[in-house]
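Below you will find one chain, with nothing else, as structure tokens; this is the form predicted alone, and questions on how it binds or moves follow later.
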């Protein structure tokens, strides 16, 4: 997948990954890979700065925990993060509907 295709969607992807519960950074990367069928393989240098930015914005919160005997920072959605995720999902549905209307090869001109 072209990296440019993710531009503007990274925050929504990270928030959606945390919608199921708390995850540490590497587990977030694995969840993105698994849920995208391997199409999204984001480097830590992209994900961790984005998580810090989301935390600064109040959309996620983090705390240290022990996972498999290792200290790791785990992230969770805040209430503001849940509202932001809902807005991202609504915007995504509107965007994909509009793009499908054009790229999907529908009738031209559109029939009323």
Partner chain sequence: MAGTGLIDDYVTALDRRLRGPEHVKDDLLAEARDSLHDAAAAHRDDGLAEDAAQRRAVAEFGPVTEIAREYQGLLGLAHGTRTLRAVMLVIPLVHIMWELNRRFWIGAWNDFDAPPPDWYLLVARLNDTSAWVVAGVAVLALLVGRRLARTAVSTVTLARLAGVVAVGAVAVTASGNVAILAATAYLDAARLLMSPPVAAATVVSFVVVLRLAVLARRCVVFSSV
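Positions refer to the first chain, counted from 1. Treat the numbers as computed from the prediction; the structure is a model and nothing was measured.
From this point on, the text means the form predicted in complex with its partner chain, which you will not see here.
Checked against its partner chain in the predicted bound form, the residues 82, 53, 35, 76 give one hit for a heavy atom within 4.5 Å, which is 53. Using a 4.5 angstroms limit between non-hydrogen atoms, residue 66 is distant from its partner chain in the predicted bound form. The shortest heavy atom separation between residue 22 and its partner chain in the predicted bound form exceeds 4.5 Å. In the predicted bound form, at least one heavy atom of residue 57 sits within 4.5 Å of a heavy atom of its partner chain. Its partner chain in the predicted bound form is not approached by residue 40, whose heavy atoms all lie more than 4.5 angstroms from it. Of all the residues from 32-47, those having a non-hydrogen atom no more than 4.5 Å from its partner chain in the predicted bound form are 42, 43, 44, 45, 46.
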